[in-house]
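Shown below, as structure tokens, is a lone chain in the form predicted on its own; questions about how it binds or moves come after it.
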Amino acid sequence: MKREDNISGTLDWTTIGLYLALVLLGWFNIYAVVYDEGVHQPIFSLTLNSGRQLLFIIASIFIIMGIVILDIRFYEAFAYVLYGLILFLLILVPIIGKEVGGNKAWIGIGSFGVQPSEFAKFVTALAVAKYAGSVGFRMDNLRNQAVLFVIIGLPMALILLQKDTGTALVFIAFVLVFFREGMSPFLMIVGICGATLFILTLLIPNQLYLHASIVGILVLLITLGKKKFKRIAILTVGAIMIMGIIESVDYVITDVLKPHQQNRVKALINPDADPLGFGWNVTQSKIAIGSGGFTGKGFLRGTQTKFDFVPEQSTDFIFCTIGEEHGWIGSLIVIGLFVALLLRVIFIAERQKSRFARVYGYSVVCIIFFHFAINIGMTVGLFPVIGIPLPFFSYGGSSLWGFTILLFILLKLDAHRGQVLQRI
């Protein structure tokens, strides 16, 4: 394909600057996790995670060059081909994959492993954008909505088979994209109400109080409203369904969730109930972040980090290092960089002239936001520990490359937004 000229002059350098800042800060914090004052190995030593992460960063530069060189039409034209390929790889993972940390989510190539689920995010975003950008597409059409849910549901189901629940849940973020494109907010309202009810059921041991409250609200609504049979019947059926959901929570917790997943829910509700057991991760995470105070202990001086109190600190709990060594100020800077990146990507998505590029842009926003919010939320006890990385920060080649591709495809599309002739 023919290469476009002067591509470097049209890329959004503000976004690239934010990307570089996050990647470099992540690299330094990975080094802080593995730094040993007694050994004092340099940051680029290949025996350390920081040295290997540097190789991943260098590889990312070549990936970016490849994305920039490819013709802009490639991403839309081959969206379904890439989607089919990633589904094939996800099917292969449980068969030939290797297990790491309890999840069979990696395909091994010698001593090196690749996690296809990390790449499934940007591929699914392309497929969703391709379908939503097709001629005659209407978001209020039930068939179109069903197809979109199938597109996000297939990789989600295959990833669940790998026992990687955290990564599978990321695909829920695409629902926010559907709302942006015109889907009724009814599903979101039902989901929020269901989640709230689920949490209330966990927080209130005696479910009789919840049932009594629902009956009281039902009687109040029937008394204050019109005494029509249809209305009363709908309200009654709704109340019965809600009470059924309440009764099903115990079944879901005890019979559906696996023991380690049950412990994560328990740790979210009351981490102090077993601080040396299922509450250990969250408790130590909050201690590490809180110990940093306002300005932090200083770079490479985190004691919680050095003595391995927080597990998986190079990956899922990397934010603990930021809080401990750089304090409230450092945490605010990192969060500010992520918020700035998200706002910038929203701005880029809104200025696109094709629905394909716009839908893809909002997919980028939602995926990064989900990772950012859940990862930081679980380190401070706001969300259960589901094991997803902090974008551009956490150690790992598949994660870094997946997010890099996700972001830079959008920048490539944005660089040529004036040349796209697709109808909106």
Partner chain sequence: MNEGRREIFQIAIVLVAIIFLVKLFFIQVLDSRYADMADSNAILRQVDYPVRGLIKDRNGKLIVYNTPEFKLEVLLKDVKKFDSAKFCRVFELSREELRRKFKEMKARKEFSPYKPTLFLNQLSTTDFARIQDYLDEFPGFYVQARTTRAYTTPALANALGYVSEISKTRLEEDGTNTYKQGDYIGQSGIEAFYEESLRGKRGVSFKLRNVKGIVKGSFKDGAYDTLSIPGHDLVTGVDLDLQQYGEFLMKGKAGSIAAIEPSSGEILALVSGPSYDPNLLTGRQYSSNFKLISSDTNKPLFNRPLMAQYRPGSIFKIAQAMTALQEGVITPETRIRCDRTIIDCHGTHTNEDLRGAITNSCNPYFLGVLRRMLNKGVINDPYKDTRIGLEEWDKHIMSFGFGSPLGIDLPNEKRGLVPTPSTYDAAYHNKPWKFSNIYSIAIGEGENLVVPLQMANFVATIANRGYYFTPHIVRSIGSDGKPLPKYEERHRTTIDSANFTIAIDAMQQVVESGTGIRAKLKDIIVCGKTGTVQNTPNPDHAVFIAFAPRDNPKIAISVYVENMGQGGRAAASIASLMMEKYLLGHTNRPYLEQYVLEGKFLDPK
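Positions refer to the first chain, counted from 1. Given the structure is predicted, the values throughout are model-derived calculations rather than measurements.
Another form, the form predicted in complex with the partner chain, is not on view; read the next lines as being about it.
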Exercise for the section: Have a look at 151 to 159, 71 to 79, 329 to 337, 122 to 130 and name the one stretch with heavy atoms inside 4.5 Å of the partner chain in the predicted bound form. Expected result: 329 to 337
Problem - All of Ile289, Thr303 and Tyr362 within 4.5 Å of the partner chain in the predicted bound form, heavy atom check - result: yes
Practice task
Find the only residue in Ala32, Cys366, Leu48, Ile388 having a heavy atom within 4.5 Å of the partner chain in the predicted bound form.
Solution key: Cys366
Problem - Residue among Ile107, Leu87, Leu176, Leu197 with a heavy atom within 4.5 Å of the partner chain in the predicted bound form - result: Leu176
Exercise for the section: Look up in the predicted bound form whether Lys297 has a non-hydrogen atom within 4.5 angstroms of the partner chain, and give yes or no. Expected result: yes
Practice task
Answer yes if any heavy atom of Ala373 is within 4.5 Å of a heavy atom of the partner chain in the predicted bound form; otherwise answer no.
Solution key: yes
Handout entry: Exercise: Gln284 in contact with the partner chain in the predicted bound form, heavy atom 4.5 Å
Key = yes
Problem - Touches the partner chain in the predicted bound form: Val380 (any heavy atom, 4.5 Å) - result: yes
Exercise for the section: Would you give me the residues of 341 to 359 that have any heavy atom within 4.5 Å of the partner chain in the predicted bound form, in order from first to last? Expected result: Leu342, Leu343, Ile346, Phe347, Glu350
